[in-house]
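One chain comes next, on its own, written as structure tokens: the form predicted alone.
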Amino acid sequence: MTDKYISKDGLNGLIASVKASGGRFVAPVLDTRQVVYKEVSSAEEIVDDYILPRNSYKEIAFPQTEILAKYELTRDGVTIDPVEIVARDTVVFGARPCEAASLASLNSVFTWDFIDETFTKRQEKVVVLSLGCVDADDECFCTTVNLSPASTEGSDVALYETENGYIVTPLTDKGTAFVSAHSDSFTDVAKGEEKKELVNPEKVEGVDLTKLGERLAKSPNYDNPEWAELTRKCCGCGACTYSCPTCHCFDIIDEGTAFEGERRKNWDACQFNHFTLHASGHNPRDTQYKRYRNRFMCKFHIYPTKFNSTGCVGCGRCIRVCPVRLDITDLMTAMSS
């Protein structure tokens, strides 16, 4: 399919078309002075002056909390009723290329040795319309992890901003089908319609992903005192993991009483001190630097070894939300030497 065009005013037609077919349209909006992903009903709600929404849209396919089953203790025993997964057709508009790559990253985890249908059934219903970046800030480092504002990995449709709208490039079968299904909302690209120039964030000086991976793979470096020094500011709040688009840890617990309740799947974080706490009271990650070390190694050693790709997309969310300004790129630089 050739490139198409949609004006910013024409987005209302696309949103109406998606909603008329039973879907939902999720886009960046301004909410309590922060840009976040939320379902919208009109184009007027969408903001176009943003670097990156504060939250990750991974919560569409991987909710922060969800009910897996309900249980009840009766005279005849315990009854367990599984909860059916209800996946809605969802359009994510304006996702940055770094974050579009993250959903493919999560897919590797949730389909690795077990097909987690609580994720896959939702992901199958998501159409990602990524938007190339015309601006960046000091926390953006996608180019350092071999991505860029022009990357298309994980995206179904690539959008490129023009003066009054967007040039639309379908990338996948899902994306092509989406544009065809809502064809009345798109037009041919007019002569002279030019894409705005994409930004090109500078690579973080001193970071070498190959050297970084090789160093992390060597066992003696696991107990290097440098870890404690580099991460001594970390307070274990978990903000980095909860805002990260590729972090995927969760816990399954029963919430309720001894007689009835729900079995829930909740986000968890390797930065919490109870994350690896054993029933015996032993904790193999008994200090905070060991917990941060685990997160860092997951991103740049464990994940690449298992899936042949980085577990970090360089979005910079972890840097922006960290209350003590712990910068992951500082560790990347130090560990590349």
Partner chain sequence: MENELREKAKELLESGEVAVVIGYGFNRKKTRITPVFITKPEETDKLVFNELCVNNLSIYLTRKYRDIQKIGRPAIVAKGCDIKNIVVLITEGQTKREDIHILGVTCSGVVYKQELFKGELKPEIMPSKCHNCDVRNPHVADTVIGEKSDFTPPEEPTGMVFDKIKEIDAMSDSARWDFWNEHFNRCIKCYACRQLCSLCYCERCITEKNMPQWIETSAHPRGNLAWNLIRAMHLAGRCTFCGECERGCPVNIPLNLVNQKLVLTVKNAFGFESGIDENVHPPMIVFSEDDNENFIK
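Positions refer to the first chain, counted from 1. Since the structure is predicted, the reported quantities are computational estimates derived from the model, not experimental observations.
Heads up, the form predicted in complex with its partner chain isn't pictured, but that's what we're talking about next.
For His182, no non-hydrogen atom is located within 4.5 Å of its partner chain in the model of the complex, even though that partner is not displayed. Under a 4.5 angstroms non-hydrogen atom cutoff, its partner chain in the model of the complex lacks Arg24 among its neighbouring residues.
Taking non-hydrogen atoms only, Glu262 approaches its partner chain to within 4.5 angstroms in the model of the complex. Residue contact check for Thr32: one or more of its heavy atoms lie within 4.5 Å of its partner chain in the model of the complex.
Note on contacts: among Glu214, Asp138, Glu193, Glu124, the single residue with a heavy atom within 4.5 Å of its partner chain in the model of the complex is Asp138. Stretch-level contact check against its partner chain in the model of the complex with heavy atoms at 4.5 Å: of 145 to 153, 90 to 98, 182 to 190, 231 to 239, the positive one is 231 to 239.
Although its partner chain is not shown here, in the model of the complex the stretch 52 to 70 places heavy atoms of Arg54, Gln64, Thr65 within 4.5 Å of it, in sequence order.
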